[in-house]
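Below, in structure tokens: the form predicted alone, a single chain.
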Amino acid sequence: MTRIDDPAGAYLAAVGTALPGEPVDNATLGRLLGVSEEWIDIFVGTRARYFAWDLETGEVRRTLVDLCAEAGARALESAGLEAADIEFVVLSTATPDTLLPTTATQVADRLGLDHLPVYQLQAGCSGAVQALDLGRSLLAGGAGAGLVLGGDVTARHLDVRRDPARMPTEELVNYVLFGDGAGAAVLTAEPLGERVAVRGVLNSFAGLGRPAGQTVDWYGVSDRHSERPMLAEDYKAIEESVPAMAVEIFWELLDRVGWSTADVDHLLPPQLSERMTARIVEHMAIPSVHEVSCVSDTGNTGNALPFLQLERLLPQLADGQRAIGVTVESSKWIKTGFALEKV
């Protein structure tokens, strides 16, 4: 059962993000894949994305640990806090560098964090909100400040050495849809730094009896030569379900925190792709609200996306203004979102 939110006790003090290398535009990616810029625009509408691996060779140049540690360090610096001030770490990803040690512990080590609980969540688009939800619970349990992170690196799932001409469209589109990145936020029990109160969080599994909309596979020793795809999506189910679920999340959050649509100044919509985000926002039909999106410039970075949106939101969020963030995970249909207020 989801809990009813206590409107006090968790604050967003700072956000930091990290994107690897230079942006890869559609012309560059199209030449590598043997597809046109028009094809990329038709399917996803995204203009650029970042990769932690070399497009020609597939060599990984930045790991997920690298990106998360960079984002975490930026968040700590922006909040004006030291490693000794942090009492927990929560990291969410669908693409850990290794199964063990966890990426979360490696990032904690890189940041000089020690003698504190470190959690790693396995999740997709909903992961950043799940990390935020767990972070709030830890603050409610007595912690004063903590670090929540999310990020993904696609190198394990996208093989540039394969012949694009032999890939089915539903697999090829993943090469233009996704990108790499990481984000972090410092949560505090008292208003510090940006002084953004987390008024509510929604984290609800909604996939009972429903086929998965997305599968990200993992190969072990016994099946490493399997021909099954690493990434598979039911795009028809995603296109049909996500806009409706986004509306549900928005209204459930408003009900939870006692706001009306007139109380919301900014909307952080789901960031599946530029075209899908536009469709979702149109379907939500919320007048007089400012949209905060990033996917057109960053690609779908999975667990990093809400942090990238928050980084764009914070300079625009005036005292007393409110924002609603909405995320939908189509893997097994998870509804997540958050309500923020600048105090």
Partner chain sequence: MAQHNQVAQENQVAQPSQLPQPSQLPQPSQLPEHDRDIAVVGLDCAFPSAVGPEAYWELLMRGGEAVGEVPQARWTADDLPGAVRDAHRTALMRGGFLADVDCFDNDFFALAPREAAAMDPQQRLLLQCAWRALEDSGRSPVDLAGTDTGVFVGVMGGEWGRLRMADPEQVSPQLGAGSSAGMAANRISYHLNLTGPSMAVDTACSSSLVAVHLAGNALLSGECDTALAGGVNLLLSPALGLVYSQLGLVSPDGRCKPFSADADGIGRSDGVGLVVLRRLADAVADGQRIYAVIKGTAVNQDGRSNGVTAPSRWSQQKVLQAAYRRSGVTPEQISFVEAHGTGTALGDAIECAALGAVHGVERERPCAIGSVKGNLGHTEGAAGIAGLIKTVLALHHRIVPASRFADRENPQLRLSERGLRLLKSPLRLPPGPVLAGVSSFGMGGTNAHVVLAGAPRAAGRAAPRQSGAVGVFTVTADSPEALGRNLAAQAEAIARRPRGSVAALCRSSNRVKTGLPYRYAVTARDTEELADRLRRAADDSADGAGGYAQRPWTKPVVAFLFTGQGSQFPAMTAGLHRESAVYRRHLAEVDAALAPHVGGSILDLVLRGDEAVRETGPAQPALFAVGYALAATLGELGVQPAAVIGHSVGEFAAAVVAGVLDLGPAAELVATRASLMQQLPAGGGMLTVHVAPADLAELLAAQPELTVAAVNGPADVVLSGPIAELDRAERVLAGRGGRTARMKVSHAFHSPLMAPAVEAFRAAAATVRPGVPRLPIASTRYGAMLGDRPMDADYWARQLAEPVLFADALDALLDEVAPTHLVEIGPRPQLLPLAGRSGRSAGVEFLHPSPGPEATGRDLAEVVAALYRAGLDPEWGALYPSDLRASERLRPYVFATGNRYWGCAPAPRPAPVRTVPEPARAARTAPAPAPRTADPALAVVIEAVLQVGGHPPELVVPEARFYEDLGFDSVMIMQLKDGVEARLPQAGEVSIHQLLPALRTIGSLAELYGELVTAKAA
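None of the values given here were measured: they were computed from a predicted structure. Numbering follows the first chain given and starts at 1.
What comes next is about the form predicted together with its partner chain, which does not appear here.
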Counting only heavy atoms and a 4.5 Å cut-off, does its partner chain in the predicted complex sit next to every one of E87, L111 and L192?
yes
Select from the listed residues L116, M167, A232, A244 the one whose heavy atoms reach within 4.5 Å of its partner chain in the predicted complex.
L116
Contact residue in the predicted complex, from Q120, S78, Q214, S273 (heavy atom within 4.5 Å of its partner chain):
S78
Tell me which stretch of 79-87, 124-132, 232-240, 93-101 has a heavy atom within 4.5 angstroms of its partner chain in the predicted complex.
79-87
V295 near its partner chain in the predicted complex, any heavy atom under 4.5 Å?
no
Should V15 be classed as touching its partner chain in the predicted complex when contacts are defined as heavy atoms within 4.5 Å?
yes
Residue-level contact is defined here as any heavy atom of the residue lying within 4.5 Å of its partner chain in the predicted complex; does H266 satisfy this criterion?
no
Is R74 one of the residues lying within 4.5 Å of its partner chain in the predicted complex, judged by heavy atom distances?
yes
